[in-house]
Ligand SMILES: C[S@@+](CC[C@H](N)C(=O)[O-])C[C@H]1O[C@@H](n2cnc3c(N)ncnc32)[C@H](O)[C@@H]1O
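One chain comes next, on its own, written out as structure tokens in the form predicted alone.
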Amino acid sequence: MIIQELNLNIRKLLSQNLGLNLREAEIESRFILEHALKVNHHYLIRNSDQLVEANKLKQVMKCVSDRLSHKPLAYIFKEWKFYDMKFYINSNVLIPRQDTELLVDLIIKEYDKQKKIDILDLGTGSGAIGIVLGNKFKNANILLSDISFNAIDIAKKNILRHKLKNISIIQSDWFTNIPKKKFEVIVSNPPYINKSDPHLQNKGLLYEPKDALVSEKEGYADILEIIKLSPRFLKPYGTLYIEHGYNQHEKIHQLFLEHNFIKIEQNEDLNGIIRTTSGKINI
């Protein structure tokens, strides 16, 4: 089978079995072929009439089979791109999503990249947010934390992968084991989904760690703890940045006010939905 024919067959399978639209199926098929054949997009275009070797075809179809079981591509490939950097991923951590890049954008916009600042990434998972910030802020000291030792192992691999010397990592249940120091920036993408949310029945989400998705108190328990305790760990006029659910911005704005944050800002994701809130402490 030649590449072009294989590509068309994969698109058809993905569209019919996963309900993807034509554009989504086209993108996923390309990603699968690039990964399994170890080539880039230009190669696929230039060599569309090339015959796919039997062993390579077997690898391609294994990826397709996994995807048809609703397994996300990131877990099939065991890596994913976030902010143009590749991260090792497995089912012990959430898949870094494009919407979360907004948190990084906001911090880059606010702070001088040459300045020596202290940044804390709470609930780091794969380490994606903190590692991108460590790459952008070469003079910063970045501390990553996570409650999961499995997640910490993955984040350590990603720190080594990107050869960053300005990042350290510890195990901590939010602030429990954080050193008694203060930070210019605290950033977090915590669990914020209500355990009764019907979105949790999405077959792709079944592969992701539930503890990193779901929070008690209708999705607000972990966010509340972070907002409540962050002022103790922020330098004067330091900033807390949080990603949250699509319908949580009003209550979270109120929580920031109740815990004495000022200059509260809320920002929209790529779909025009408010998904991040930030604020500075007034001391």
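Numbers for residues come from their place in the sequence shown, where the first is 1. Given the structure is predicted, the values throughout are model-derived calculations rather than measurements.
Omitted from view is the form predicted together with the ligand, to which the following refers.
Exercise. Which one of these stretches, 141-149, 105-113, 156-164, 198-206, sits within 4.5 Å of the ligand in the predicted complex when only heavy atoms are counted?
Worked result: It is the stretch 141-149.
Exercise. Looking at Ile119, Ile169, Leu94, Ala74, which is the one with a non-hydrogen atom within 4.5 Å of the ligand in the predicted complex?
Worked result: Looking at Ile119, Ile169, Leu94, Ala74 one by one, just Leu94 meets the 4.5 Å heavy-atom criterion.
Exercise. Is Gly134 a contact residue for the ligand in the predicted complex, using a 4.5 Å heavy atom cut-off?
Worked result: Contact with the ligand, no.
Exercise. Wondering, does Asp211 line up within 4.5 Å of the ligand in the predicted complex on heavy atoms?
Worked result: Asp211: contacts the ligand in the predicted complex.
For this session: Give a yes/no on whether Asp173 approaches the ligand to within 4.5 Å in the predicted complex, heavy atoms considered.
Result: Flag for Asp173 set to yes.
Exercise. Within a 4.5 Å heavy atom cut-off, is Asp222 in contact with the ligand in the predicted complex?
Worked result: Because a heavy atom of Asp222 falls inside 4.5 Å of the ligand in the predicted complex, the answer is yes.
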